[in-house]
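Heads up, what comes next is one protein chain in two forms, each shown on its own as structure tokens, labelled structure 1 and structure 2.
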Structure 1
Amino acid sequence: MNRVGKGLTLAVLWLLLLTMPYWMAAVGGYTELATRVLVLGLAAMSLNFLLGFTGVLSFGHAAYFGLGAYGAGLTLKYLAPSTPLAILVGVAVGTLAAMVIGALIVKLRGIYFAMVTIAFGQVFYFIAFRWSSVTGGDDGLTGWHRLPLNIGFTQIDILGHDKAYYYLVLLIFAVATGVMALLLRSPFGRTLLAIRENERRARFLGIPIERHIWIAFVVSCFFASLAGTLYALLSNFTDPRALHWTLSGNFVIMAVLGGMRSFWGPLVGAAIFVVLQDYVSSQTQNWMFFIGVFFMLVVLFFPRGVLGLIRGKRA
């Protein structure tokens, strides 16, 4: 795609995102659903930083997403009534966990890596599930809510106005994706691509593979936990399902559905997934069946994702 075309696509994308709360209702959605698209889109994009650009499959990203969610919720419930602090704590908790676990598993590859990431995610799931005096157990963490933002001269009511919260999330989303894009363009990002394309050759070139994969994993989990905090603040609630491996699977399918070799693909995948799930679950109790069939169809017929398909036709 040429430069102008790329710029135009980006402009359209951001225009769509900026106006989403206003046209969402016209296509049968609502503002909260729009926010969910952004949040899960960020989570899927963070996963794709690792999957699509480093070539490492984590099947346990819900762990960091959920740690972010619990970090934010517990901060608001027990620590201090501040939304920014909640986000900071949530991200810090998720990132710290990723640093430790990443160091443990960085030598593993492929299926092995995927299996171990799932298994570690389960540790956090069971902690949240069993430690009910603090986390509320299976019923989830309730009794708190996000608070209006204080920015010196004025207050922004992100609690009462869901559109205001949408725009806060959009702002954070924009900064996060900007940072991700910059990282991928940097020499570090190019090195990740080199590792994805041919790990052995990259190793011969003297690239410290393990360290790069570790950093990529931590960066990826940083953004996943950021998405998790925003998700908890969106519904003023979180429960162990935010940590469960089935959610990790959903992130992966979003990335694959949208196109894992493309930067914006996972956002497109998340949008399709979120809207579809919302629609199917309002129509039938057996939404799991249809989502499952949908998964299989994607794998069998759209392995390169929606954006991959569009690109393939153009090329």
Structure 2
Amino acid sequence: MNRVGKGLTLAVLWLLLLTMPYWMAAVGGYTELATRVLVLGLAAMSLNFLLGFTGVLSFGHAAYFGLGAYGAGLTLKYLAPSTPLAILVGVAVGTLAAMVIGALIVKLRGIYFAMVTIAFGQVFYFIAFRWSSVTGGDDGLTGWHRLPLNIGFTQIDILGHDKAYYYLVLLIFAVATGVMALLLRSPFGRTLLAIRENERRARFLGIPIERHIWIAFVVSCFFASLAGTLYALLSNFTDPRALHWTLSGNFVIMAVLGGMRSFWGPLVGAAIFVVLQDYVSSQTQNWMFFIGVFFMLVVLFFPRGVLGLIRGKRA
């Protein structure tokens, strides 16, 4: 696709995102569902930063998503009634955990790396599950909610107006994806691609592989934590399932559905997954069966994902 085509595609994408709360109802959706698409899209894109562009599979990204969610919820419930502070604390908690855990596991590769990320994720899951006096245990963390934003001369009511919260999330999503795109276009991002394509050759060239993978892991978890804080603020609730490895599996499914090695593919995959889940689960409890069948069909017949299929037809 040439530069003009890419520009037009991006313009259409952002126009769809900017107007989503207004046309979502026409396709059977609602504003909260649109916000969920953005938040889970950001989580899937954060995983794709590590999986699609570095070639490292993590099945533990739900841990950092959940730590962000609990960090935000616990801040609002016990520390201070401030939505921006809750987001900052949630992101800091998830990122600090990623810095420590990433340093411990960065020398592992392949299935060993994936399994250890699951193990660390399950540690956080059981802490949240068992420490019920603080986290609410299996019932989840309740008794708090997001608060209006004070921007000096006025307040923005992001609690009572779901569209206001959607546009706050869209603003944060735009900044996050902009930073992610800049990183991938920088020499650091090109080095990650070199590691993905041939780690041994990259090592022979003198690239410090472990340091680059650690940085990619921390950056990826930073965005996952950010998505977790926004998800908790969307629901005004979080529970241990936000830390469970099965949610990491959902992020992988979203990335593969949309197109694992494309920048916007995980957002497309998240939109398909969330809307399909919302619609099918309202018809039957066995909604995972239908999503599983759809996922298998995409993997078997469209290995580059839905976005890869669309680009292939255009080409």
Partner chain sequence: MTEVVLFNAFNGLIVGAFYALMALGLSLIINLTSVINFAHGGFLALGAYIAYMLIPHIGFWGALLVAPVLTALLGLVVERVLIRHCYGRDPLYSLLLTFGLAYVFEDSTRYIWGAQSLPFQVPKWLMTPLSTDFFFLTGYRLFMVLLVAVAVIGLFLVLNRTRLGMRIRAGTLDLEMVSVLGVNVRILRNLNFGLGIYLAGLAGVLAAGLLGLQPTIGDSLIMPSFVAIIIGGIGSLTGTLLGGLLIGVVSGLTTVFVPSASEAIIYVMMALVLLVRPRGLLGQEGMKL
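Here, residue number means position along structure 1's sequence, counting from 1. Only the largest set of C-alpha atoms that superpose within 1.5 Å between the two forms is called the rigid core. Predicted, not measured: the structure shown is a model, and the values here were computed from it.
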Q) Of structures 1 and 2, which one represents the form predicted in complex with the partner chain? A) 1
Q) Core superposed, what is the CA shift for F301 between structures 1 and 2, in angstrom? A) 3.0
